[in-house]
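In the block that follows, a single chain appears as structure tokens, in the form predicted alone.
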């Protein structure tokens, strides 16, 4: 047992309003959808300093800790919309600007952010416009007085818009060639540094010390800084930055594999759910790689027929990780997002994969799955409180917590 659970909760629930400003609070609900380790009935969540510090079934709460007791509520992690242009309107053409960030476009006062937050969307992945390699996405909280207040992570993933043509393949191959050239530059710089330091040591007479010997002993090699257009690819290669590759058909996938060759790095796929998409042809090949796939919760058709396919279900069964995005990039579709995912569950997708697809997997696309996307001790307290099953169309949002603070809903006792 933890120190918390040994303190015995004998105090009654507070009868006054609970301070929603982010202090220590215990929240009792009828059910918690943890996403990472199944549901917990009669759940108690202790939140402090913006973090979940304890979660479990029927946990006793120490005397004096404010308690919000809502046995009729269901709680789940806040929704993560990892691929959006919500609140920004600029457009761009074919680009190769991997160093570009979308955050200069942000207007913290845009009304869309407040509306999606009240629908339970607590994290947004804002990507740069354009095709080719238009820049890198940034992870945001949909609330803040300034851009800095909104930014969770400036560098979430590098966006690559790839098509089955020679121009796309050349762009990708040239980018990786620049990484190889940079590695050669670093190697030569290190060889020169080693040679220079060796010669400095040989210049000293035996037993002779120089005033700066101690400083030289601590000196370490600092590699040259890569070109700004090369640096994001170096970060992807080194596992410091994710990559999201947008494709529309199975031929794009085959050409992508040809373009990257034997290179190994982490990336996710963005697949647009068009009416007659043919991505079912590469389901097994993508699934066996365990890739994350960003897609709309939408039923598609086999080309040339009226036969329906649930691609999210097929890819999940093959081993892929589904990260859902709203069907359209509007406030209305963010509000209807849970219902649309529920329809995909009704068509065969497993419920657990659906919940992960709304929270943990899109958080993974943003590189934030260790901080967000599930109800686990130590994670950020972005919580969505509902009147019932998250995937039922009649379920309403009761309250939303962002970084440990209630930002929507009634929280008085």
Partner chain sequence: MKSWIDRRSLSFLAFSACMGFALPSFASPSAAQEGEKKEEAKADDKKKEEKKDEWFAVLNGDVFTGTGAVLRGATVLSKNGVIEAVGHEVEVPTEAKTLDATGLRVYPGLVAINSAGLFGATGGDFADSVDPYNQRMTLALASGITTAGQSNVALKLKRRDIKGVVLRERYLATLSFTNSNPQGKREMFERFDRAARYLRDYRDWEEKKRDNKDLKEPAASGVDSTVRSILEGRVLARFNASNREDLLEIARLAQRFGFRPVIDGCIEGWTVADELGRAGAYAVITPRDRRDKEEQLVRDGGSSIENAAILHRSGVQVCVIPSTTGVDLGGIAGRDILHLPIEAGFAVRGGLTDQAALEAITIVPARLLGVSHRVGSLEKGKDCDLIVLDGDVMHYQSLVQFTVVEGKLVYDKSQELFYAHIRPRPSTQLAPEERKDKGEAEETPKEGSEAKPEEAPKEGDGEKPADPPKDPPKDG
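On a predicted model such as this, the values are computed, not experimentally measured, just so you know. Positions refer to the first chain, counted from 1.
One more form of this protein exists, namely the form predicted together with its partner chain; it is left out here, but the text below deals with it.
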Open item on the list: Under a 4.5 angstroms heavy atom criterion, identify the one residue in 330, 274, 97, 165 near its partner chain in the model of the complex.
Closed with: 165
Task: in the model of the complex, the residue from 313, 282, 243, 152 that sits within 4.5 Å of its partner chain by heavy atoms - done: 282
Open item on the list: How about residue 305 - does it come within 4.5 Å of its partner chain in the model of the complex, if we only consider non-hydrogen atoms?
Closed with: yes
TODO: Although its partner chain is absent from this view, report whether residue 147 comes within 4.5 Å of it in the model of the complex, heavy atoms only.
DONE: no
- [ ] Using the partner position in the model of the complex, report whether residue 254 sits within 4.5 Å of its partner chain, counting heavy atoms only.
- [x] yes
Open item on the list: Please tell me whether any heavy atom belonging to residue 249 falls inside 4.5 Å of a heavy atom of its partner chain, as the geometry stands in the model of the complex.
Closed with: yes
Task: Candidate spot 51, 398 and 410, all three touching its partner chain in the model of the complex (heavy atom, 4.5 Å) - done: no
Open item on the list: Only one of 234-242, 129-137, 110-118, 169-177 has heavy atoms within 4.5 Å of its partner chain in the model of the complex; I'd like to know which.
Closed with: 169-177
